[in-house]
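Only one chain comes next, encoded as structure tokens, the form predicted on its own.
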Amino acid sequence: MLERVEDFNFNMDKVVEEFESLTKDAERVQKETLKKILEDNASAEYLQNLGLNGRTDPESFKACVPLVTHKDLEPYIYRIVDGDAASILTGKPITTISLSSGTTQGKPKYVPWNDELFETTMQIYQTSFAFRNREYPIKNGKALNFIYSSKQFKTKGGLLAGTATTNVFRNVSYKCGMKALQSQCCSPDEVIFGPDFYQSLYCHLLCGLIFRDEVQLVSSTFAHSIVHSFRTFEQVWEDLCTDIREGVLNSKVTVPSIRTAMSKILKPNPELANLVHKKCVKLSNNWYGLIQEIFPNAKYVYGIMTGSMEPYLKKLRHYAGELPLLTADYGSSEGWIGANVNPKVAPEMATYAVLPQIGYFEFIPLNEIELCIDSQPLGLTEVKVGEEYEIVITNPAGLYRYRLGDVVKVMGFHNSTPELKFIRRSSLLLTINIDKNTEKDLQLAVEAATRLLAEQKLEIVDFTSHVELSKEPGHYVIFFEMSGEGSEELLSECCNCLDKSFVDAGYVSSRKVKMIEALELRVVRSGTFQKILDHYLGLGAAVSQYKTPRCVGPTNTKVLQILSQNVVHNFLSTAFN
């Protein structure tokens, strides 16, 4: 195992060497990892009630411990949240709770968090950085990191709770570990931990400009956050130049701690202000290559760019110019899974090598789920190339045989550990009759419509969907926010294109016999998806963890209300008339 972060003298060659060693014997490492998890948590009420009786071998574990979802564990988790200090899910009491983003189910999930889970986070960071830095060396520079920490709060039982990213950023070992991994962040802590996202974002941009010659990488947790940051830059660059020229922070930034911290680095610099102003005037026609032009020594752009982040890649490439896009690692609020050890591969083709020492992993064959076949999941080294699986995770923080809800495809092996490509969430996204359309199917349909809009130089800023069942038969509703006004003829054509792009046999046949009515395209006014983001921020979400909900369910009434109140045009498909 890798040493604890605070004792780890980061050596990239050593990290790569250890990764290679561990992945050459992944089956043995998995057994040892499971044994350690079960030994550490043997006193946990949950495990004791299942009759493991101290056994730690995979066979006994699978025979005694059932596959579960978050809903199955909620009674135990809520006892912890409410202050029950007994060993419920883990041997040592849980002291921190993580909150999922809440955009998938409409509300955040409570997930147990502990120091051991933090250690797995740092192991992933170390591994991916070691491989990344071999290809794109970063030395003695700064990173423009668009990262944000939401507020932590106390649960009824007195436990600290916050988003998973917040729990990482606020961990006392995080800074020590990250200093060994990458360039120093441009922004002071007061900006990262500021209570107002918009003020923090403005200051992140300002810090980036102040240290523009030292910036060697631009990053955020998700691609969406990077795109959002530079869309904001388009609106505020003149204010930023004024601040730099005069050495005085914009009066819209009102948080005292942020103003004090920024006053230490913001000094009058007319020369820099004029340079940035000149470059922005030159770029302002379409902002292509903005990142590359403003930060001349940046080597790459980094963040999670797969799954629900893929729709933002086109805009991100536009801002990045010739700079490479490197996708970050694969994980969830419940735990990390794999590292990107092939950083030169385009994000769309990225795979993630599972780290066999950070958790115990099982894989349910997707075809068996779809056929409702009850069979035992496969072990990490038993999966087959080309097959799709749902991931089951056992982590050090009290999740045992937990169905993560992610579908992955095995693209190959790194030594004896599989390299996974994220495919989709396993839960169906759009379904009315016998149709089954996933987030990926929706994304492909939107991409087809995007190509039509591009002919009139229009972009889709963001999108989501909804299954409308208020009248029978139901129909799909797609919401678009666009960069400009499209003609009615073009938008009607887009609507038909969306309808025809869902090629699922159940959908096509249901449309033809009118068991599903015509797809509806609703165009919303500019800023609508910003209001949805604001809504989730108001619920305590962190921008670092935010993902636009791709399907808005009927119980997510507030988001549906925001969308409905901002519709400016709607169109019905005639594709199957």
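Computed from a predicted structure; not experimentally measured. Sequential numbering from 1, following the sequence displayed.
The form predicted in complex with a small molecule is left out here; the points below concern that form.
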Any of the heavy atoms of S510 lying within 4.5 Å of the small molecule in the predicted complex?
no
Can any non-hydrogen atom of I147 be found within 4.5 angstroms of the small molecule in the predicted complex?
no
Closest heavy atom of T548 to the small molecule in the predicted complex, within 4.5 Å or not?
no
Taking heavy atoms and a 4.5 Å cut-off, does K299 contact the small molecule in the predicted complex?
no
In contact with the small molecule in the predicted complex (heavy atoms, 4.5 Å), from 242 to 250, 376 to 384, 461 to 469, 302 to 310, is stretch 302 to 310
Note: exactly one of T90, Q126, S100, T438 sits with a heavy atom within 4.5 Å of the small molecule in the predicted complex, namely S100
Which pick from E390, E419, D329, E116 sits with a heavy atom within 4.5 Å of the small molecule in the predicted complex?
D329
